[in-house]
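Single chain ahead, by itself, as structure tokens, in the form predicted on its own.
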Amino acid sequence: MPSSAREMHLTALRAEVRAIESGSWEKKGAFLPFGVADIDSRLKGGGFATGALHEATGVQARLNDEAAACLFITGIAARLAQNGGTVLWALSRRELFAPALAQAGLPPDRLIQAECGRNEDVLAVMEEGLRHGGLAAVVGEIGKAGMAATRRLQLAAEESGVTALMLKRWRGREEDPLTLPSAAVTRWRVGCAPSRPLPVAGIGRACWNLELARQRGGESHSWIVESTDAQGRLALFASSADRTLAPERRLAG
């Protein structure tokens, strides 16, 4: 290849990479507000970017934190499907509890479960579902996913306009699922917090420590929120203080 042609080819490739990194999801301007002013005001675009890849995990390798992260993802998927859409959920372990998902706003008639044996299969099903383009959202439960895999999902979500939600599972107590770099637009950690006190004996609405660990083009932040209701919506805990994350907790990936 002549040097001039090679330079033109390299210039075109660099332009393509810059276009990918800039994020066409942002140019399209499609966002789903949480409906909580303090959260939406912290998110670039004023809400949860649709037609993009997002990740969530439990704060620690504990069953209750992983359940909270799962319900956080469920609430978002439920709101994306609230007008009758269908959610594809790819998983490697048969452990979804349908009544809990329904209580978070995602009933069984709006859910398709795809049981996969390996991480690679989950990623393949997610990409195929995103490229189909007829779904409200695609959810995938996975242990690890590299930059190349998440970039493919991000591009597929951008092209179809379908939102990709990745629930990253802990596979070891010392391996934070968000350690590896990712092309996801936002990355979240969810952990259980003491429930809201009731005026009578009993257990109040569950509460979470919700941490926006990373967002493309924006700052990290954290809140204490009340967990998803039957419509998949969160509520800010009344006594939650404005707490910007310390720099050492922010992720570069």
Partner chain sequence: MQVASACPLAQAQGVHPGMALARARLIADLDIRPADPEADRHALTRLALMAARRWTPRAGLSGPDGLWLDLAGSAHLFGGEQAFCDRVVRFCARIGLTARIAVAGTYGAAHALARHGAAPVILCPNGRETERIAPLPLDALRLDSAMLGTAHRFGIERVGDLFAMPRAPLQRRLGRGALIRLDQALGRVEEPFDPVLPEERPFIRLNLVEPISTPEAIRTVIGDLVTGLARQLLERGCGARKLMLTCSRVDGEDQRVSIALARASRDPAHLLRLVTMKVEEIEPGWGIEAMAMTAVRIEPLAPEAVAGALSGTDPVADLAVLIDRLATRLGSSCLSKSCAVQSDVPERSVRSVTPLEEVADWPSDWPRPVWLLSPPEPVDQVLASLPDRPPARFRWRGRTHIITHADGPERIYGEWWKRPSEKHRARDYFQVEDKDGARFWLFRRGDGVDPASGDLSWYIHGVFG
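Residue numbers count along the first chain shown, from 1. Values in this document were obtained by computation on a predicted structure and should not be read as measured data.
Keep in mind that the form predicted in complex with its partner chain is not shown, yet the notes after this line are about it.
For the three residues Ala68, Leu71 and Gly204, a heavy atom within 4.5 Å of its partner chain turns up in the predicted complex in every case.
In plain terms, the part of the chain that comes close to its partner chain in the predicted complex, with a heavy atom within 4.5 Å, is 103-111 out of 75-83, 175-183, 158-166, 103-111. Contact annotation: Pro99 falls within 4.5 Å of its partner chain in the predicted complex, judged by heavy atom distances.
The closest non-hydrogen atom of Leu88 lies within 4.5 Å of its partner chain in the predicted complex. In the predicted complex, Lys144 stays away from its partner chain, with no heavy atom inside 4.5 Å.
Interface membership of His132, defined by any non-hydrogen atom within 4.5 Å of its partner chain in the predicted complex, is confirmed.
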